[in-house]
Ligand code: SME
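So this first bit is one chain, no partners, the form predicted on its own, shown in structure tokens.
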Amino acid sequence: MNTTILKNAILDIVESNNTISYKLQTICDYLKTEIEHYDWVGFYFRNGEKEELILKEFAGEPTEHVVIPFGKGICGQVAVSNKNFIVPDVSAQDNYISCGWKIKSEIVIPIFVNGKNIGQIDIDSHLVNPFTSEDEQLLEFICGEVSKLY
């Protein structure tokens, strides 16, 4: 994974003259295409003042989890903890919401605007334990750039 190329491409997407929705969808599509172990890429955002997340743009198989209550599943836990969450093996997690039998691992990184968690990027993989510190740093960079859109 060449993070310099990936980051430059993300900057090009974020700085384009497209809608936020288009930019987020393009980021999802790009990451899923360019990073072999990213089998599902999506953005969840807080639903106003409600303590729930709403799925916005994503790339990968459709999911029934379009609304996730705070505290439920990995995404819901990140909404409460405000911390990155890497799950090497979802079968070892008690509070995991299954999005399909193929999913073996997950990484979720929060997006902050003015210190407030407004959403997150969620990546699922069909491999056990594929995520490294390089993935985490790349996704933190992406979340930082996405936060500038809000």
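The first residue of the shown sequence is 1; numbering continues from there. None of these values were measured; they are calculated from a predicted model.
One more form of this protein, predicted together with this ligand, exists but is not displayed; see below.
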| property | result |
| --- | --- |
| Single option in 118, 97, 86, 54 placed near this ligand in the predicted bound form, where near means a heavy atom within 4.5 Å | 97 |
| Triple contact flag 30, 35 and 60 to this ligand in the predicted bound form, non-hydrogen atom at 4.5 angstroms | no |
| Partner contact for residue 111 in the predicted bound form: this ligand, 4.5 angstroms, heavy atom | no |
| This ligand contact in the predicted bound form: residue 79, any heavy atom under 4.5 Å | no |
| Contact flag, residue 106 vs this ligand in the predicted bound form, heavy atom cut 4.5 Å | yes |
| Residues in 31-70 close to this ligand in the predicted bound form, defined by a heavy atom within 4.5 Å, in order | 40, 44, 63, 68 |
